[in-house]
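There is one chain below, alone, in structure tokens, taken in the form predicted alone.
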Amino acid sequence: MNNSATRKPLAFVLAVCCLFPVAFLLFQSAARRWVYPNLLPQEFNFSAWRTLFQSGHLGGNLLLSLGTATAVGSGATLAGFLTSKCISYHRWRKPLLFCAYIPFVISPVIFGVCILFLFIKLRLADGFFGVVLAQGIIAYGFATVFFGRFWNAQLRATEELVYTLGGSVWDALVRALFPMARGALFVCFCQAFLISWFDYGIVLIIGGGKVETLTIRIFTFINEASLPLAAASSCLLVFPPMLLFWANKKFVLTLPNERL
């Protein structure tokens, strides 16, 4: 069978599967008077979108989610990159790398409950920095594992070459390691960003309802049975991941000689 003949139908099916959830959310956000046994809504309008943008809260929720996810993604990626470098050259590499798995193999809700008392004592609960730190612990463990197989003898030899030529640790990072790892750094940032972006359990427990991200707002609409508002907010929730996936395909996959 011709491979080109089968690729197009498979690509079409894959595109439909990926775009259907977003299309259904858009459909749900405009649906009105949709009751059983009607297969389609009896009315369509975009009043839910007008309500969201006129309420004045959505912009704050969106910016808060973006700020939290960006802070978590940037901090966890940098910390995980440096930590994995130390672990990869350590004689206890496997036990240390195993410890890095612990934060993100636990359910976020259980993890949040376990650290809640400590965060209350440190006065980090019910605040933005507490949520960033709690999510950052999980993302930090993920980033450390992500870069666990990145380091090899060639990278170490390149780093030692910088020292031989009179460079400092900063020169080795900025002029050698970071440029060689820019693709992997971006991919790790995207994954850590999404860990924070879609999180609900930790924000609810550590944030205590005072840190109202976009996910918290969506579940509030669901609990209030405001399905059009929840669907419209969910459309905004899936937009940044789609943008990151596009950027990953556009820039990262075109970088030559990357170790991803």
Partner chain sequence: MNADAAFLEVRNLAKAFKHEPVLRRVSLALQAHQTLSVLGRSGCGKTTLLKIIAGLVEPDAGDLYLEGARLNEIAPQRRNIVYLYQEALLFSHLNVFENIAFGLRLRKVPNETVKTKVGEMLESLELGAHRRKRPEQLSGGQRQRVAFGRALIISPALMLLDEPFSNLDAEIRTSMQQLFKQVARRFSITSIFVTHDLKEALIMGDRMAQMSAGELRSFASKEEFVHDPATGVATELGFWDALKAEHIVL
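Numbering follows the first chain given and starts at 1. Remember, it's a predicted structure, so these values are computed and weren't measured experimentally.
Although it is not shown, the form predicted in complex with the partner chain is what the next lines describe.
In terms of contact with the partner chain in the predicted complex, the residue from 78, 162, 124, 145 that brings a heavy atom within 4.5 Å is 162. Of the listed positions (176, 96, 71, 184), a single one reaches within 4.5 angstroms of the partner chain by any non-hydrogen atom in the predicted complex, namely 176. Residues of 81 to 95 include none with a non-hydrogen atom no more than 4.5 angstroms from the partner chain in the predicted complex.
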